[in-house]
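To begin, one chain is listed below as structure tokens, in the form predicted alone.
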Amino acid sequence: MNPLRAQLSADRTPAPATVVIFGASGDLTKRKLVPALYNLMLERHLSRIAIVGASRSTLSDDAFRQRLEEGVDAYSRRRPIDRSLWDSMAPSIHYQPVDFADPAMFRELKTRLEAIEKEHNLPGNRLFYLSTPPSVFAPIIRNLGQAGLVNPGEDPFARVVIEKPFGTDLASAQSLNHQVHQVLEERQIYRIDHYLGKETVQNLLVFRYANSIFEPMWNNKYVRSVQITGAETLGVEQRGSYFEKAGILRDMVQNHLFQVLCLAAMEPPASFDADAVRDEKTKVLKALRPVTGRDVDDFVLRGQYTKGSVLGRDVAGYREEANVDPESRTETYVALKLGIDNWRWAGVPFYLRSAKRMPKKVTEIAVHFRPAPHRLFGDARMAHLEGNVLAIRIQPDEGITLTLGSKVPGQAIEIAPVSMEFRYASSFGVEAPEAYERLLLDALNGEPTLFTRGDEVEASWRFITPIHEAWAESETAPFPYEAGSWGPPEAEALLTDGMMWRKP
């Protein structure tokens, strides 16, 4: 198979396998994981699988099946539920109570898996999915190893998908990597970031490397700056306790936005082999100019939302949210000015921002090209133009927009911005698959390109950790911003050379 096709399309059917979901009584299983597996079955990307839920809760197989059926009915992108398909899937869905700290219960899980695989004529291939709090990642993997459930052989295979966050700082990420590697080989580990499963994120690779028109301009000679935005309208909802410890820099930037940054800025890989792609992504993270100590205030700005109105609804401020410290200094907004110290990007600022309680939910990359070297039509006619901007919208309304200057019809020469647009929905007439569909299929196929490698995770934390350390020593509080606004006005000072934050 052509390597590009093998890596960037989901047209392979994996071998029959058992998917074991730890933390199966949680929302992720009901809302995302099982609906994704159902859609893969519906579209015939999977042949035969068994699904085994493993959690501390006590549930019967029937109760677990009923819960998952409700999830598929409510959250699958393909609705209404296909009764014949679900009726064929349901008998292969099982539940096994497991205390994650009890080695004996993992031995019981092994016995149950062997019985299920015999019942459904499955060859013993297993994908373990850790949809659990990070505190139990290491104990689960250690107990899997002690029970003989993750032997390193390829036939049958044993792979482990680990949800974010993978660590909370550099030291914890290094420690977790060490503990995981005592049981698993790196090729068995699939650290998942669902942003990498989004269609437009994957299309970055195709956009850059399958079109000769853009790659020659993808450098500091033609690019003035790059803005990457990850904005949410939601607040912390019921996650106040978690968010107090995390903040938006850990929750969004260290993983999601850095992954987007890597794909946008990396060098062309020698091939689309998984390690070749991940080598180039890791090089970007290692090339980030460190921001430490007193420099943090010059290159990073944090904010915290106060009460306001979002989408026509009045909302409370962050400090009034449940399980949030009334004196909290946790950031719900962060903006960074980054430099990448390599030949391609020297001198080009990369501006990243992520926040909660923004006016709209949007994730996009905006590449701002340098202005024309000679203003042939005069400063007055061109001063109001933003310039050429390539905006890659990751969510929602996935697509790509290129902004150009064009003459307005009439006798005088007046220039106005116009857009050339591509939208997935209108161009292809099909709904893009959910991110978890692509990532689960890749994990079952043993394709790790869209999953993060251990050194890549550590490289991202190596950049992020000094910022948290500087904030811990600082007496400066986050800048307030009204919920429903685009963030603190002070964030504009991060941008230089007349640039302004986009309002997508």
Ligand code: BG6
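The shown structure was predicted, so the numbers you read here are calculated from the model rather than taken from an experiment. Throughout, we count residues from 1 along the sequence that is shown.
Just so it is clear, the following notes concern the form predicted in complex with this ligand, a form of the same protein that is not shown.
> Looking at the partner-bound form in the model of the complex, is residue 278 within 4.5 Å of this ligand by any heavy atom?
Replying inline: No, residue 278 sits far enough from this ligand in the model of the complex that none of its heavy atoms falls within 4.5 Å.
> With the partner left out of view, is residue 195 within 4.5 angstroms of this ligand in the model of the complex by any non-hydrogen atom?
Replying inline: So residue 195 counts as contacting this ligand.
>> Would you classify residue 343 as touching this ligand in the model of the complex, given a 4.5 Å non-hydrogen atom cut-off?
In response: Contact check for residue 343: no, nothing within 4.5 Å of this ligand in the model of the complex.
> Does residue 364 make contact with this ligand in the model of the complex, using a 4.5 Å heavy atom cut-off?
Replying inline: No, residue 364 sits far enough from this ligand in the model of the complex that none of its heavy atoms falls within 4.5 Å.
> Looking at 209-217, 236-244, 259-267, 141-149, which lies within 4.5 angstroms of this ligand in the model of the complex, counting heavy atoms?
Replying inline: Contact-bearing stretch, as computed: 236-244.
> Thinking of 170, 294 and 468 as the candidate spot, does this ligand come within 4.5 Å of a heavy atom on all of them in the model of the complex?
Replying inline: Checking in the model of the complex: none of 170, 294 and 468 is within 4.5 Å of this ligand.
> Within 4.5 Å of this ligand in the model of the complex, heavy atoms considered, which of 398, 251, 117, 434?
Replying inline: Answer to the contact question: 251.
> Heavy atom within 4.5 Å of this ligand in the model of the complex: which of 108, 82, 273, 232?
Replying inline: If I apply the 4.5 Å criterion carefully, the residue I get is 232.
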